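Only one chain is given next, in structure tokens, and it is the form predicted on its own.
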Amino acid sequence: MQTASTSTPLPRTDPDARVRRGKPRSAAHYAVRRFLRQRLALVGLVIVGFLIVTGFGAPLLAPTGYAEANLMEANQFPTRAHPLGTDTIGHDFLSRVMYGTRTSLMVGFAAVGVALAVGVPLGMIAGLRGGFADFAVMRLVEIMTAFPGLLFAIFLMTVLGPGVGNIILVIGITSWVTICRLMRAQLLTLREQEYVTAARCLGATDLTIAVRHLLPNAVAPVIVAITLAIPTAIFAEAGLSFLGIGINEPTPSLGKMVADSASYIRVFWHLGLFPTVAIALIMLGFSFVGDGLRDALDPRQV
């Protein structure tokens, strides 16, 4: 007697499915995923994106040029024709705020760029070479720390004079200390790793080790520091312009707008409110993004 043998067909499998499921993910993938899970960071990213588009797109988006004025329409409150009103000489205030935002963002990005150009090389020299180089760099850092940043910036601005280029240079050379210390601390830790010893055994120079091995591994905390340094630079520019030694007319500046509104704020409230709100949004947006990047780039986070 023969029994019919029944065999269950094996499920068909995609030969690439197992490979796809087991495909390793990069650290950047997990960092982006952690960043997107943070609501405040996303809010900050939206705010920063809106301000960048509004500021740098001001020549295309603004109703008028920042220097166009009509004395017959001076000191108007917000209307349909002028959504943010006009100032004391008839400038459309929406256009002025947009161009002032562009000035603030330009100063913030450029000043942090100057700080990076000074702080990163000095921090890498101090952290990688050690010895006399570390001693010299840290003594320079201590000298810069001894001077109050704002007072030192005021002194330099009185020597150099007002202007966008001068204020970028002054803020940059007074804010590199934090980045230098951070880079030095990162390299002091990373230079003891096994891959650095292996690179030295293979004949790599200090410059090659710093650029190809150490800098990529130290870039995460530096990115966070940059994000938090940009609003600090913008706030410094607003403070210097408020004091009258930063950016002068006809170039619009949010800090200068707030300073000019001091005499009229009790009556023409919009002259001080809208530039202040713009500064607050810049600070808030970059702070949220910086906090989100700090958590997203932390490998200890799940």
Partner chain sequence: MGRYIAGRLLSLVFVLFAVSIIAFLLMHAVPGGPFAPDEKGRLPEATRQAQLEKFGLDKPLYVQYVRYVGNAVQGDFGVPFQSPTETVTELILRTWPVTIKIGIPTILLAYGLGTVLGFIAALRQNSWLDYTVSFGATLGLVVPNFVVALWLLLFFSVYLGWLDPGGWGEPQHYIMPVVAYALAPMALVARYTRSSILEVLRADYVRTARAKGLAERRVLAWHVGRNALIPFVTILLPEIPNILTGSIFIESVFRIPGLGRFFVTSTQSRDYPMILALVLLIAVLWGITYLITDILYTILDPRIRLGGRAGSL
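Positions refer to the first chain, counted from 1. Computed from a predicted structure; not experimentally measured.
Keep in mind that the form predicted in complex with its partner chain is missing from the display, and what follows is about it.
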Practice problem: Using a 4.5 Å heavy atom cut-off, state whether residue 205 contacts its partner chain in the predicted bound form. | Solution: no
Self-check item: Interface membership of residue 109, its partner chain in the predicted bound form, 4.5 Å heavy atom rule
Solution: no
Quiz prompt | Non-hydrogen atom contact residue 276 with its partner chain in the predicted bound form at 4.5 angstroms | solution = yes
Quiz item: So, in the predicted bound form, is residue 151 in contact with its partner chain at a 4.5 angstroms heavy atom limit?
Solution: yes
Practice problem: Given that the partner is absent here, state which listed stretch (167-175, 152-160, 116-124, 98-106) has heavy atoms within 4.5 Å of its partner chain in the predicted bound form. | Solution: 152-160
Exercise. Decide if the three candidate residues 133, 212 and 226 all line its partner chain in the predicted bound form, where lining means a heavy atom within 4.5 Å.
Key: no
Self-check item: Position in contact with its partner chain when the complex is considered in the predicted bound form, options 258, 58, 45, 31, heavy atoms within 4.5 Å
Solution: 258
Quiz item: Among 69, 41, 245, 51, which has at least one heavy atom within 4.5 Å of its partner chain in the predicted bound form?
Solution: 245
Quiz item: Judged by heavy atom distances of 4.5 Å or less, which residues of 234-272 approach its partner chain in the predicted bound form?
Solution: 235, 238, 239, 242, 243, 245, 258, 261, 265, 266, 269, 272
